[in-house]
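Heads up, the chain below is alone and in the form predicted on its own; it's given as structure tokens.
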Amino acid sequence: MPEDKFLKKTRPISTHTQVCAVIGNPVAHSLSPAIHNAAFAALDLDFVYVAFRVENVASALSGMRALENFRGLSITIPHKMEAMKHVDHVEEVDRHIGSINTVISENGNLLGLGTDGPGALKALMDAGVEIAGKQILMIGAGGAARAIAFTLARQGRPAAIFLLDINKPVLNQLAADLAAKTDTPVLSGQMTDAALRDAMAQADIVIHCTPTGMHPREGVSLVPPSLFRPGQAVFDVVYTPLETRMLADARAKGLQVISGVEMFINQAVLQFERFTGVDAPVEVMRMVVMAHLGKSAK
């Protein structure tokens, strides 16, 4: 019967099914449901992942507490800071960062944490980039930069972190927070041609943390190709397009490059493992991401 054929193709949803979701505004573009549901299916886990456009974060998290099967949330723009106010516990490094992108419910007790910084650290380590004792230049001091800078400062043991940004208050706040809450030497300067030139002359690792290079500024790079030096590693957190102008210029100079898609996949893998308690099917998740990004590039 047609009904039997349909039921065989449908994964059963029961009163025991664990629910995870992504909340944000907007959220229709999110790849998270496709990534996580494919991973749940690959491991035959009784989980389902959905997306919700949310304006009132406090109410959303209150609802999460009340729903017994609501296991985890991914938090995206613009709620990463606001969500911290409505959970029961935030891990120490994420309190210093000032934002979270993940919430886990343990019987209604909400734990907030971040996976962006650890995702970036893993991307660098997987690429074989040595962080300990190296000079790191971070271009941009916003949310992504905060997560990465705190993680690298606490776990990577770099020689120093140099911050550049056009937004002086944001720049100064991150520099002050890193200096107060980590042991890593921190230098900072407002983004100018001269400051960039001087910083690039000393940097071993260059990490780009601004939206430049993605729509509507595809094909634009903040770093002139002439400033790249032999031996540098260049990491761009932008992952659409997969290879930004900055990475293409660095690759043309023979430098090691790391795409932001690695950080994106890693942070999703880390979330999945916190949601489920099992190792993620990383290659399944990677295939889903690359398939969707490939379609969007056409």
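The first residue of the shown sequence is 1; numbering continues from there. Since we're looking at a predicted model, the values are computed, not measured.
Separately, the form predicted in complex with a further copy of the same chain exists; it is not shown, and the next lines address it.
Among the residues A42, V48, L242, A248, the one placing a heavy atom within 4.5 Å of a further copy of the same chain in the predicted complex is V48. Screening A233, V261, L270, V54 for any heavy atom within 4.5 Å of a further copy of the same chain in the predicted complex leaves a single hit, V54. Heavy atoms of I23 reach within 4.5 Å of a further copy of the same chain in the predicted complex, making it an interface residue. Although the partner is absent here, M287 sits far enough away that none of its heavy atoms falls within 4.5 Å of a further copy of the same chain in the predicted complex.
At a distance threshold of 4.5 angstroms between non-hydrogen atoms, V27 is in contact with a further copy of the same chain in the predicted complex. a further copy of the same chain in the predicted complex is not approached by Q256, whose heavy atoms all lie more than 4.5 angstroms from it. Contact annotation: a further copy of the same chain lies within 4.5 Å of heavy atoms from the stretch 66 to 74 in the predicted complex, the single such stretch among 248 to 256, 262 to 270, 234 to 242, 66 to 74. Three-residue candidate spot V93, G112 and A144; no residue lies within 4.5 angstroms of a further copy of the same chain in the predicted complex by any non-hydrogen atom.
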